[in-house]
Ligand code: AMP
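Single chain ahead, written as structure tokens, the form predicted alone.
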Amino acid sequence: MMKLAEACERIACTTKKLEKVRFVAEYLKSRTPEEAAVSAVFLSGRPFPVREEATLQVGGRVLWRIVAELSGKSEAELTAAYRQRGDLGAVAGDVLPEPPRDGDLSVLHVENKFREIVAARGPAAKAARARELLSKATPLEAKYIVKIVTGDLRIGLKESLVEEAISKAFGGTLAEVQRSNMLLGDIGETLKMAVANKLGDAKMRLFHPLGFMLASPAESAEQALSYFQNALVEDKYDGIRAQAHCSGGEVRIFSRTRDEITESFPELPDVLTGLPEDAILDGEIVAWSSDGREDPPEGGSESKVAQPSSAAVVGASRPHAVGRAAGRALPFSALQQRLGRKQVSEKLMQQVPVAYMVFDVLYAEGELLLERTLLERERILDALLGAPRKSRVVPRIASGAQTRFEFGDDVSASNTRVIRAPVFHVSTPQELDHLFEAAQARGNEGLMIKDPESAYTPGRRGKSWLKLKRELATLDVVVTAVEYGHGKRIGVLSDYTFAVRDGGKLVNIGKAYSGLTDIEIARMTKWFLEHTIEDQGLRLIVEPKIVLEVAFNNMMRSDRHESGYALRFPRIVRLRPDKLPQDADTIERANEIYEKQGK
């Protein structure tokens, strides 16, 4: 473990990508294949391979207590160290003593201890095993053990660079290493295959999540179509991105963070079980209203655009509807009640129905489809969802809408929808603007604009997929509390909690940390330190005098803040030194935005 920690220190000391790759490659070559395989996983910033479901369930608070106990440091001393370092692993490296021990602590031993923590029953047992491990580690080893446990090495190393290092150290092209790792979901196993010169033998392993293809923002319709003239366009839904793996009667659903979320949506597997073949689908889970309302944009029947639940034509010269409306997506706030639950009652499924809006297919016909063009994947997806189904819940296929499913009276399925997301073909900014207005009129965030010839590139954000959306609104708010940042923002106050006015008092409504420049953050840090009302360690209560303008995607009801609201994806637009706290927006304005959003 000491050799790995020393390698990490070298990697952290350079900003040059090629040097980082060289340091990793040299370290991996110096280890046995078994040690190198475990190290590759650790260097990717996680204790276990992606394909494994094991989680340590040892949080930062537990680690903080262990470090305090082993170091003998007071809370004030640890807080001061954290303010300076901004990283609990670095704090552990600073304050822990050298342990009395015989022999080295190997990476294989650390991995075994991690698995013991997973197997331990209850928080106390897990904490005891974590304490035992850290008590045997040198300060430098403990620094990186804590970083691995928390999933954040902070040495400028990503899994993609570890893939490059494996290629450099053991042969095989980078593309072969990347493909093997993607198929297996295990960078350690990929390393072993590279050592054995068997990268080409890697086979697709379902039920481990692949990386999601990401989209870049577009400022306008004109900018979006400057990258590719002909575009495939879908609504941008306000839900959670979800990847569904379907094979042999089993269905598992994964979020963008690669966490399994099947248990939060128990009605979806039944519907997806009957697909005619094994498949991996990409889409968005949204809260769903099946009341049949249809709200066309202004301009008469000629301008009507398909509802999200109706089939849509790809390749038309202008967008138009096929089939009939059967519902609409609801704001994210409605979906929140379904998230993070280990058990979902029949009552909640009826109160908050969901739909899975499917817009891509990554695996079908026994083949990984990532290198196929989007147009080809569209055709495969249409055939897959339109094929006869063998689900226990047999859908009625509505006439004129072959890829929309309507369910019978079965209680467990009455609120369930698996819907082929409508796709439109546009080639002019005017058509794109028209679709954008229609999408927002339906309550959706905006549009996804995609290059028909694009391959599916997991984890990458290029210009093949674009997102066009506009913030719901902005609020002028007052900063009430600030927190010290992490990583590059160690030692500065960059996380701002803010409030709106409610009569004669301020009520918190959100928190943001992005939007200001480094110079602005440094200047505001000095001001906040000079105007602190209460020092809570990592958090400071400050004089409520600074006004910000914040933008956000939508507003939801929430008990998290005193205002009763929370903002989704808040970001700071600018400082407002021209405004006094009494000029900030009110709770009435927040309620007005919330009501408008609901309509």
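So that the term is clear: the rigid core is the largest set of C-alpha atoms that superpose within 1.5 Å between two forms. Please read these numbers as outputs of a predicted model, since none were measured by experiment. In this text, residue numbers run from 1 along the sequence as written.
If you look for the form predicted together with adenosine monophosphate (AMP), you will not find it shown, but the lines that follow are about it.
How about E267 - does it come within 4.5 Å of adenosine monophosphate (AMP) in the model of the complex, if we only consider non-hydrogen atoms? Output for E267 is no: heavy atoms all beyond 4.5 Å of adenosine monophosphate (AMP).
So, K147 and adenosine monophosphate (AMP): in the model of the complex, are they within 4.5 Å at any heavy atom pair? K147 lies outside the contact set for adenosine monophosphate (AMP).
Given that adenosine monophosphate (AMP) is not shown alongside this chain, does H434 nevertheless sit within 4.5 Å of it in the model of the complex, heavy atom to heavy atom? No.
Is the gap between H109 and adenosine monophosphate (AMP) in the model of the complex 4.5 Å or less for some heavy atom pair? No, no contact at 4.5 Å.
Just one of 328 to 336, 521 to 529, 235 to 243, 97 to 105 has heavy atoms within 4.5 Å of adenosine monophosphate (AMP) in the model of the complex; which? So the stretch in question is 235 to 243.
Run the contact test on K20, F170 and R377 with a 4.5 Å heavy atom cut-off to adenosine monophosphate (AMP) in the model of the complex and return yes or no. None of them does, since no heavy atom lies within 4.5 Å of the partner.
Among R256, R83, K158, R460, which has at least one heavy atom within 4.5 Å of adenosine monophosphate (AMP) in the model of the complex? Among R256, R83, K158, R460, a heavy atom within 4.5 Å of adenosine monophosphate (AMP) in the model of the complex occurs only for R256.
Heavy atom within 4.5 Å of adenosine monophosphate (AMP) in the model of the complex - the one residue of A218, V500, M448, L281 that qualifies: After the contact test, the surviving option is M448.
Aligning on the core only, does the CA of L575 end up 2 angstroms or more away between this form and the one not shown? L575: C-alpha displaced by 2 Å or more between this form and the one not shown.
Once both forms sit on the same rigid core, is the C-alpha displacement of V50 at or above 2 Å between this form and the one not shown? The answer is no; the displacement is under 2 Å.
Core-aligned CA displacement of V67 at least 2 Å between this form and the one not shown: No, its C-alpha moves less than 2 Å.
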